[in-house]
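Next up: just one chain, as structure tokens, the form predicted on its own.
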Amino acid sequence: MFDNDFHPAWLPDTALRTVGSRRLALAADAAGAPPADAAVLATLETELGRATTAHGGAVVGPDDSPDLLLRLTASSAPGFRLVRHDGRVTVTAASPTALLHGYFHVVRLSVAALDAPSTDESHAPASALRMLDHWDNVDVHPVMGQVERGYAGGSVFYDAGRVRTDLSRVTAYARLLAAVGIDRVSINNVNVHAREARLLTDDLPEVARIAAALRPYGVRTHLSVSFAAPTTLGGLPTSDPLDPAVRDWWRAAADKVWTAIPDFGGFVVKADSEGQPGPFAHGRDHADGANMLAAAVAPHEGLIHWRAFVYNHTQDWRDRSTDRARAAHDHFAPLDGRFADNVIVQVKHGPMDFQVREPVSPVLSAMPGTRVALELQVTQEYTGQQRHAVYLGPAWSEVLRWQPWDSSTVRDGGTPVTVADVASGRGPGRRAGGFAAVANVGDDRFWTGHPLAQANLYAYGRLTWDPTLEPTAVLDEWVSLTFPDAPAELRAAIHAILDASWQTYELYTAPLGVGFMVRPGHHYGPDVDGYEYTPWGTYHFADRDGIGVDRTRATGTGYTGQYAAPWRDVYESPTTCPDELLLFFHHVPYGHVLHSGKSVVQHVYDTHFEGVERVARMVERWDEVAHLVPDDVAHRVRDRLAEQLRSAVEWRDQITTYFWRKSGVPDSNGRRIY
């Protein structure tokens, strides 16, 4: 049972103070509304009452001159409209969920929304699809634990092999998500184990309970399913997607799900990837498998999110021709145009696996006839696992703003097309696939383990609603909401700790885009050769002469050829390849001179020492302001920063020693390297 003693994150009661001190009204009639809409309208009433009760305002009728009026209207426009005139603010929307998002927008802006000059604004999300994928296990898995790639305790959904009796924290979680515009959640592991598979059948009533806890805040429920379910759950002799009995089984399964949960969103599928079953076993391809499921859910307007994370994880490390980076494009680009309209191919932002630095995946721009979703990772699997303070907003913003083509490829208004445009369906001939991310919350008091990691969940919601937002401004929003009465000294310190923290992490970990210098299995801490001689791939090819992977068309794996112009040529040559990606695309001598003027090996020495120095300053900055926050926040952040500093020193010492021993080149600054 939860005791509801969890941190309020960006919705403390004090964040409601300005709105709650005013006269508020809701103009919407739930009579005759679908149950999901009625639930959200009831939530709006509750939210207005909660704010005014706490802060002395009042809930009044729509005709009683409220300061803020929320009105449900008939419109085809997405999002919400905010009109401020003669001291009165009116928010209108065509759906209760959009109206709820409008209310939280006013809460976020506070005085700036209610007391600013007259305005008439429309606020629509870049895409209607903004989803989080939880990798939660019903049972505690003997290897992966309660939450795979989760670093904030156990699951908010499951405990001791069953759905939690008390789901009040799930509803509180949905409230946080609604406040940043996230409206879909997949509630179980994409690596579907036997126990999770039963959520589709025997445990479906329990899934309905979770959906009921999420629904009041407009958050729709999705499930990860196993492609082999007709065999493992249904007793059929095959899971062949073209077999009529298999297709019938999935149709019946979908009918049962939507009967139990009428606003159910759809299925997430990881197939023929890292040992998960898929259509390959039956001589079929990904389009065959995805379209079979799409046909089953189509009568319910359901979606299939089919993950493109497919590669050979049993490769021979001695084979330099097999390139994990190529795999998703090789598998999926030839299938463009074959996927059904309700299939979304979900593509990781980089070609590898959420490394601290990767090029943007070429798959995102290679499938104009397919709905493609951009997949990010809020869970910090390769960026410190929420033991390190690493604000990922700047990294995501770089991906969202990246232009896959030259400036001749434009959208309406002549603006060059970005990755955000591709995912939002704003590129030429594109259909929206939206955004998805691996979630990072657990049953920890602070939701994310590290209190400062809350900023990443907040930023994911805000940046996928509006990819043009500046990540620094989003960070300041989060600080202002989470610490609403903080003095300027505290706000400045938190900003300083987080603003450049992604670049700081990059400085003291894997250099120049090389990636994967982590300990196998749990992926925490340095292990330069940990994956270098395993079936999972080869990542740096370091020898006495140089380091990096040759992915050129001329002499390497040909991966650069998967990009459109101009990037296929920019990445092809070391003279034009950005320094931060050099070792991802090229095998170069340790003495190769970067655009910065430093050699590769000296860059490694300098950045790793600088990274540790930066973390030491982060620790000092927190110590200066820790007395300004509650003790539990102060102690947790202090403990995590201490671990970050210890780990950064370990990274520095192992990486610099490795490069010194391989290259034989001493540090020109004379620092001690073992």
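Residues carry their position along the shown sequence, with the first being 1. Bear in mind that the values here come from a model prediction, so they are computed numbers and not experimental data.
Just so you know, the form predicted in complex with a small molecule exists too; it's not on screen, but the next bit is about it.
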property: In the predicted bound form, His495 touching the small molecule (heavy atom, 4.5 Å); result: no
property: Proximity of Gln315 to the small molecule in the predicted bound form, heavy atoms at 4.5 Å; result: no
property: Residue contact check: Asp133 to the small molecule in the predicted bound form, 4.5 Å heavy atom; result: no
property: is_contact(Glu274, the small molecule) in the predicted bound form, heavy atom dist at most 4.5 Å; result: yes
property: Per-stretch contact check against the small molecule in the predicted bound form, the hit in 235-243, 266-274, 457-465, 498-506 (non-hydrogen atom, 4.5 angstroms); result: 266-274
property: Proximity to the small molecule in the predicted bound form, single hit among Glu477, Asp353, Asp444, Asp550 (heavy atom within 4.5 Å); result: Asp353
property: Residue among Arg307, His101, His388, His222 with a heavy atom within 4.5 Å of the small molecule in the predicted bound form; result: Arg307
